[in-house]
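As structure tokens, one chain now follows by itself in the form predicted alone.
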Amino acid sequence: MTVNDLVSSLPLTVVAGHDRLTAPVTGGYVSDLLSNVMGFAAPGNVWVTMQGHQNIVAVASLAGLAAVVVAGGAAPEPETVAKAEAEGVVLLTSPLTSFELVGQLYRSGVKGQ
């Protein structure tokens, strides 16, 4: 499964990283605590968060994540989008709550670690 497979089947909008949608997805992780994501998310995971600030790009890059999804209809800050484009991080948004989105990801075959 790739990021593009998820974008095609779930209510997700690509905000940055259009050229990296073929990245394989190894699993999923949900948290709004950056240190938690750094400690426990695995490379290739899709990370679901409500955070929209620039630090999510740094965490995603360090952890080697396949994509970050800002859920709940929240919009990432313009600086976050620019940083994601510059660092090659796939940044997605969803109108679904984190709970609803994680449920749909799980039903699509994206499991936790």
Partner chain sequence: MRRFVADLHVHTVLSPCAAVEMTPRNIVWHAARHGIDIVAITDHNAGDNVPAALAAAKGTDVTVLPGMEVETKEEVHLVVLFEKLRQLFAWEEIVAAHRSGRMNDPDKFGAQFVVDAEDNLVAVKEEMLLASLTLSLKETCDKVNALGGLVIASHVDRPAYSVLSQLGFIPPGLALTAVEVSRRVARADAARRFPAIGGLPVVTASDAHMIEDFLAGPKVAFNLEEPTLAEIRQALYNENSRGVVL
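Model, not experiment: these values are computed from the prediction. Residue numbers count along the first chain shown, from 1.
Just so it is clear, the following notes concern the form predicted together with its partner chain, a form of the same protein that is not shown.
Residue contact with its partner chain in the predicted bound form: residue 51 places a heavy atom within 4.5 Å of it. Within this chain, residue 59 lines the site of its partner chain in the predicted bound form, having a heavy atom no more than 4.5 Å away. Proximity of residue 82 to its partner chain in the predicted bound form falls outside the 4.5 Å heavy atom cutoff.
Residue contact check for residue 34: one or more of its heavy atoms lie within 4.5 Å of its partner chain in the predicted bound form.
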